[in-house]
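First, one chain by itself: the form predicted on its own, in structure tokens.
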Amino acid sequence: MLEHLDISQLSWARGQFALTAMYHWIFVPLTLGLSFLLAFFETLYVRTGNEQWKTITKFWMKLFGINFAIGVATGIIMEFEFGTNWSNYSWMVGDIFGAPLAAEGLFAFFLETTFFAVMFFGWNRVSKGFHLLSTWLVAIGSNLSALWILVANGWMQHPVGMVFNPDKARFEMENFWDVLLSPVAVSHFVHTTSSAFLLAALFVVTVCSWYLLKGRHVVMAKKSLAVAATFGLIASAFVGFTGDESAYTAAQVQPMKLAAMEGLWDGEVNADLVAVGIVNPGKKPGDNMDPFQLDIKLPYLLSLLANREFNSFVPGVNDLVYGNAEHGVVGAGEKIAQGKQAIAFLAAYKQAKDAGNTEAAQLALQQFDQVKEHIGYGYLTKAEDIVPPVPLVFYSFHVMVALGTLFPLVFAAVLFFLYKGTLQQQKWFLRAGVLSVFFGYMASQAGWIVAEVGRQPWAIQGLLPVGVARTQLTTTTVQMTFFMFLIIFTTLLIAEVRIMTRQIQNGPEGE
């Protein structure tokens, strides 16, 4: 159970993984999006024969290469942390979680790195067509890497396609296709990659806005902006569509996450969607405190988002904690009771099997099968443990949505001013454009906070709490590695910013 859990050690372990993941996510979305922009730029070069497009491609390719190299370093460290800080997790779900990670290495990373060298060093050494193919394969390989990682993450959010092995006390894969095609995995992949495309387009807007303010490389900047803004506008539409689908999927399989995203404490029929709100930070499950200090709501839209029906019921935090018999919501308290039964039956099964009592072992196993669905709840101490930090999830979600609504307006304005031929004269807009990528990163990081903090306390939704997943390390050990990684990652980030800044100041080749 979790009564004797070392909260300090767990908090530092979670903090270390969050640190690694958030630093890693600084580099990954730019890699995913820039890879396709490179492919578009080079396609224009091959089709038109215009050397300016080749210069543009090579310039952005250098920035892509800098970002790619540092992103790989942080990603490798994050995968090692599964074994060092989360060994129980690795043992219990390694048979399933390891499969997409292995697929990423076999089918995506090798494809990406094989043609990476051709893309960078193959100019004038291979034909135009083969070089273009290499660039496209790097883009496809980069995004296939994201696919397998997000399949693994999607399984953590919604575990499917597996069975529990009572003899080894671990989950084992039963159907690979269920894992791959899980609705959570699919929605995570399309939403994450489309948001990465959007961020890369904002990166181009930032760099080119700076060039236009300085009056440097004007032709290159305008051509890059025309492609990137079009790409970003299309990506924005996908982000909106896939974001809606992700919220709907969360409502079906992670209702507590949706309740936290909307600050919904008591379930409602015809539930309203919060457009703007200031949550009451002291609000706790079961109390009578108002959820919001200030809120502006859109009538009925949360019910539509969650269930695709205006008059449907959306459960709130209190419903999920304490249950709601009227609407068929089983409370966490009942699930905890079943989970503790499952743990007891599993222990009885092992004891009977070790004693050679086949009949008792079979009976215990049958009893275990009836309640094993909620085995993870058996490690919790009280029903309120299933509630994530509501204010953090709520604000992260609404910041992400607000910024996501702004970005297509930025891309549309870029295209409008380019069409009118007045972009360089819009100094106010270009100054704002220089900051655009920072807001893109803010939205991107906020999205991952929603995804990961919103599912707490679970490492595997409903099956494995974070406290059980950890390695039994001392707090001091985790603290030392936390600060070591903090220094390393910060140094890498500073190095990337300095190298990229220098390369941007140098500008494209030949100019």
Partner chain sequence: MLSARTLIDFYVDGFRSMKLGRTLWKIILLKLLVFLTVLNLFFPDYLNSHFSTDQQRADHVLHQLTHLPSGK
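Numbering follows the first chain given and starts at 1. Just so it is clear, the structure is predicted and the values come from calculations on it, not from any experiment.
Form predicted in complex with its partner chain: not shown, discussed below.
Item to check | Stretch from 316 to 324, 288 to 296, 119 to 127, 399 to 407 whose residues place a heavy atom within 4.5 Å of its partner chain in the model of the complex | outcome: Heavy atoms within 4.5 Å of its partner chain in the model of the complex occur in 119 to 127.
Next on the checklist: Please tell me whether any heavy atom belonging to Glu268 falls inside 4.5 Å of a heavy atom of its partner chain, as the geometry stands in the model of the complex.
Outcome noted: Flag for Glu268 set to no.
Checklist entry - Counting only non-hydrogen atoms and a 4.5 angstroms cut-off, does Gln503 reach its partner chain in the model of the complex? => result Although its partner chain is absent here, Gln503 would touch it in the model of the complex, with heavy atoms inside 4.5 Å.
Next on the checklist: Please tell me whether any heavy atom belonging to Pro465 falls inside 4.5 Å of a heavy atom of its partner chain, as the geometry stands in the model of the complex.
Outcome noted: Residue-level check for Pro465: yes, a contact with its partner chain.
Checklist entry - Any of the heavy atoms of Gln16 lying within 4.5 Å of its partner chain in the model of the complex? => result Heavy-atom contact with its partner chain at 4.5 Å: present for Gln16.
Checklist entry - If you check Ala347, Leu301, Ala226, Ala337 against its partner chain in the model of the complex, which one has a heavy atom within 4.5 Å? => result Going through each option in turn, the one that passes is Ala347.
Item to check | Residue (of Val219, Leu392, Leu181, Ala73) lying close to its partner chain in the model of the complex, criterion heavy atoms within 4.5 Å | outcome: By the 4.5 Å criterion, the partner-contacting residue is Ala73.
Checklist entry - Heavy atom within 4.5 Å of its partner chain in the model of the complex: which residues of 128 to 161 qualify? => result Read in sequence order, no residue approaches its partner chain (within 4.5 Å, in the model of the complex).
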